[in-house]
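Below sits a lone chain in structure tokens, taken as the form predicted on its own.
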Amino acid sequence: MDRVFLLYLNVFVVATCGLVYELLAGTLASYVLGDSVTQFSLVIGVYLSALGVGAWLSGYVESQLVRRFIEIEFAVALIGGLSAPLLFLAFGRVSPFQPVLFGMVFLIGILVGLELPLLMRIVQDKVAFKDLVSRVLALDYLGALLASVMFPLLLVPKLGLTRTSLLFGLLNAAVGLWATGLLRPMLTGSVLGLRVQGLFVVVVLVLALVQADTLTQLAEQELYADTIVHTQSTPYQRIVVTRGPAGFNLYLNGHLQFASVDEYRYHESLVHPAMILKGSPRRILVLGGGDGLALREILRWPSVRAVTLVDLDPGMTGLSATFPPLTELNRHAFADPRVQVVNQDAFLWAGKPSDAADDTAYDTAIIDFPDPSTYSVGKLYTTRFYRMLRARLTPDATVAVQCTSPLFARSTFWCIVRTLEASGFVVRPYHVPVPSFGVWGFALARQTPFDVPGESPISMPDGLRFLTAATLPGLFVFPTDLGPVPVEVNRLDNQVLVRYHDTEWSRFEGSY
């Protein structure tokens, strides 16, 4: 096969591996540091700048280009391949962690940035300059495209971060070893030393790959105070369940979703005010809530005839329906014949045509989405989404929305409230103390004016542990430090909410 063609193929592989390492670092940063928009933006910026530095440094490589290229390939394989497990391990042991993270990203970027110019110089005498530049850059971008498509759809869901990192390191090492044969006529001196380097890298990465589960468990255990009892990667998120003296905790992408010791405070407060306001709810819509805990509270109402739960991730709803600690906590809610699960993006689901007839529309909606830390989630808090939701509801339907903390993220909370109001809802915000999260906020909404619900919820089959007739009205009273602040409305084409959330929660990294 033509040597130039094989070198072009090498460019494609180098570009693919380089972007995979960048995506790994960005994903890991968002897992362990939160604030995913900022972390990904910083990782991309650091990586791209490092590519430029590497390209500039390549001008100082004056001799033995082929040998230098192969040595750099092995360095990228070793450092890039071990980057995910090393960064995971470093997070629990090194403080501050950010210099380690961005130092690793910058180093990999420099090495990848060195490779492309060296490859172009190696083949410059064999191809016309215009063809060389156009083909090399085209293959470079195609490699980046392949990596960006494979990473979320195949690599992370099927392999996880650690295995993906190690396998692409092995791919880099294989390319380097292949180059020792492909470019042998252009190498001066012995090739044995290069091949020994390559084999050493391969052995290290293979050993790490064999122990990938152990490395992942060791690294993740450093992130959590309690013992990990279940881990699972889906196309959408990393699910971790831990168990400690106080009970079970669920984490999604490193963020605590609930602690079994006090989740009842959150879920009683999310569900029952809306149900009480409605009176005799019959058709209930749950958006998010894949853990089944909001379902548990809904199904305690004897008037309920049907519940539709729309959650993006079948891995989460499947786990909640089969994993004993979760099924016990949600009281086997997913086995109830009144429940229908729809695994779909709620934005797309809400946008489907609906006649909104009273016999098919929902009279109560419980919205339990994650916090709007990314634009993909932020769209579920926009005026566009809330207006689509209205088409699914009866005119007198009640809606409850989780709205993050009005104490830690005050602008974020009030932005959600104002966005609901701008979408045609009358809104009564309220807040609840949940020890695992601090002060947490919700919004109760309807399309017509209403008073704060004050009926006693004690008529539930086995009573409630937190809400009472006396405590419920007080949840709607806001002290000065939680009160309204000037905010913009969150719109699909201008998601100010995500910026509010990132700015406010970044001050409390690791607190939620």
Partner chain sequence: MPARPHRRELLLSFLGPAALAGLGGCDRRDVPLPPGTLVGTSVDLGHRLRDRRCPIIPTSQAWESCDTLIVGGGVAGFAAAWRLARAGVTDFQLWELESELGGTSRSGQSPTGGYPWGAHYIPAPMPENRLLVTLLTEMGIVEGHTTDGVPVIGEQFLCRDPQERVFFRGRWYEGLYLHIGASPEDIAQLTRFQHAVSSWANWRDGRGRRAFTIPMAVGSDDPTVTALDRLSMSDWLAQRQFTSPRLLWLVDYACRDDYGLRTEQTSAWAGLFYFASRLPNGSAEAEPLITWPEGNARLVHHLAKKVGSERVHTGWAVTDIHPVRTHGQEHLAVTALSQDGQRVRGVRARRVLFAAPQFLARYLIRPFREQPPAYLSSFAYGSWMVANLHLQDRPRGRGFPLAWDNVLYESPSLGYVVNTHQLGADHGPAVFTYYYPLTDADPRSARSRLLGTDRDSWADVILTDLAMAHPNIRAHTHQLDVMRWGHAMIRPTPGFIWGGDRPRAQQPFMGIHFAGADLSGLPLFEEALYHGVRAAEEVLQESGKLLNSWL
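Bear in mind the structure is a predicted one, so any value in this text is a computation, not a measurement. Numbering follows the first chain given and starts at 1.
What comes next is about the form predicted together with its partner chain, which does not appear here.
Contact with its partner chain in the model of the complex, defined as any heavy atom within 4.5 Å, is confined among 433 to 441, 68 to 76, 341 to 349, 261 to 269 to 341 to 349. Heavy atoms of no residue among Arg296, Leu299 and Thr364 are located within 4.5 Å of its partner chain in the model of the complex.
Proximity to its partner chain in the model of the complex, taken as a non-hydrogen atom within 4.5 angstroms, holds for one residue of Gln232, Gln211, Ser303, Ser376, which is Ser376.
Only one of Arg331, Arg387, Arg184, Arg243 lies close to its partner chain in the model of the complex, with a heavy atom inside 4.5 Å, and it is Arg387. The closest non-hydrogen atom of Thr394 lies beyond 4.5 Å of its partner chain in the model of the complex. The shortest heavy atom separation between Thr382 and its partner chain in the model of the complex is within 4.5 Å. Looking at Leu111, you'd find every heavy atom of it more than 4.5 angstroms from its partner chain in the model of the complex.
Although the partner is absent here, Leu492 lies within 4.5 Å of its partner chain in the model of the complex, judged by heavy atoms.
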